[in-house]
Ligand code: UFG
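Next comes just one chain, in structure tokens: the form predicted alone.
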């Protein structure tokens, strides 16, 4: 059984490759290395370096490999950049996926698991957020992911494509071995930014707003361990290969932690005091984002193993402590 992982040198992609190989799959990785790292690719995976927007590149993979299913992570994902360079995001995320789907159709590869995002929902109307809630993205990144979901839906109806879109919330943590972890440049995610303080990479952490309608005034988010996400992708592949119908699933812990709670947990795990500065609210930051993942549990049989923020941060800290400058 061979799985093509697009963006398999990236953060979530590389963890998914590790899980696939641990579960006995043959894995082919394709990545243009714009944000990925060769060092993150499992030694047992076959690596193709190139861009999925290039038809000849993706065609070469399908012609030379016997692919049973595709897991698609390849995308630009920095929200602020997406608002400054919207066409860059449409070109890479949407057009790149269109080229991929055309090649999949040509080579009769029917199954795809797509890395989507909670950003597809925009400002939530209620919490926890369910898959049937309104999708009104407030940024270009979220809109491109939603556009891809719609494109897969119409291709499914027209050509028999079978897809699962996984809308996940705040990915975090690192592989239990500490061999791979999170390494973005620039870093925009809360937990690695916090851990830069005990790693002597920054002097303090800025909390953007402490006057939200939450128990401690700071934003609440749903943090999901990257290995739990990886396992969900494998379950989604199995679901499709066993005849499951195209569908969309949320992936989150269903538990929210505030910014202050995450900082306090990081202090506990690292043993370092982390100085805090209160900054202004960031435009478009909702007070609370928490997922309902009941559908994924019921249909895919998914069970997140990392449920408390301390254990999640512990894995992240092992990675960042051993790799203070990333890969």
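Residue numbers count along the first chain shown, from 1. Because the structure is a prediction, the values reported are computed rather than measured.
If you look for the form predicted together with the ligand, you will not find it shown, but the lines that follow are about it.
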- in the predicted bound form, which of 202-210, 152-160, 224-232, 90-98 comes within 4.5 Å of the ligand (heavy atoms)? 202-210
- Task: Would you check, heavy atoms only and a 4.5 Å threshold, whether residue 240 touches the ligand in the predicted bound form?
- Result: no
- Message: Even though the partner isn't displayed, in the predicted bound form is residue 289 close enough to the ligand, meaning a heavy atom within 4.5 Å?
- Response: yes
- Would you please decide whether residue 189 lies within 4.5 angstroms of the ligand in the predicted bound form, comparing each non-hydrogen atom pair? yes
- Query: Any of the heavy atoms of residue 28 lying within 4.5 Å of the ligand in the predicted bound form?
  - Reply: no
- If you check 83, 255, 193, 178 against the ligand in the predicted bound form, which one has a heavy atom within 4.5 Å? 193
- Query: Of 104, 118, 75, 197, which residue is found within 4.5 angstroms of the ligand in the predicted bound form when only non-hydrogen atoms are counted?
  - Reply: 118
- Query: Judged by heavy atoms and a 4.5 Å cut-off, are 141, 282 and 285 together in contact with the ligand in the predicted bound form?
  - Reply: yes
- Task: Check each residue of 38-56 against the ligand in the predicted bound form and list those with a heavy atom within 4.5 Å, in sequence order.
- Result: none
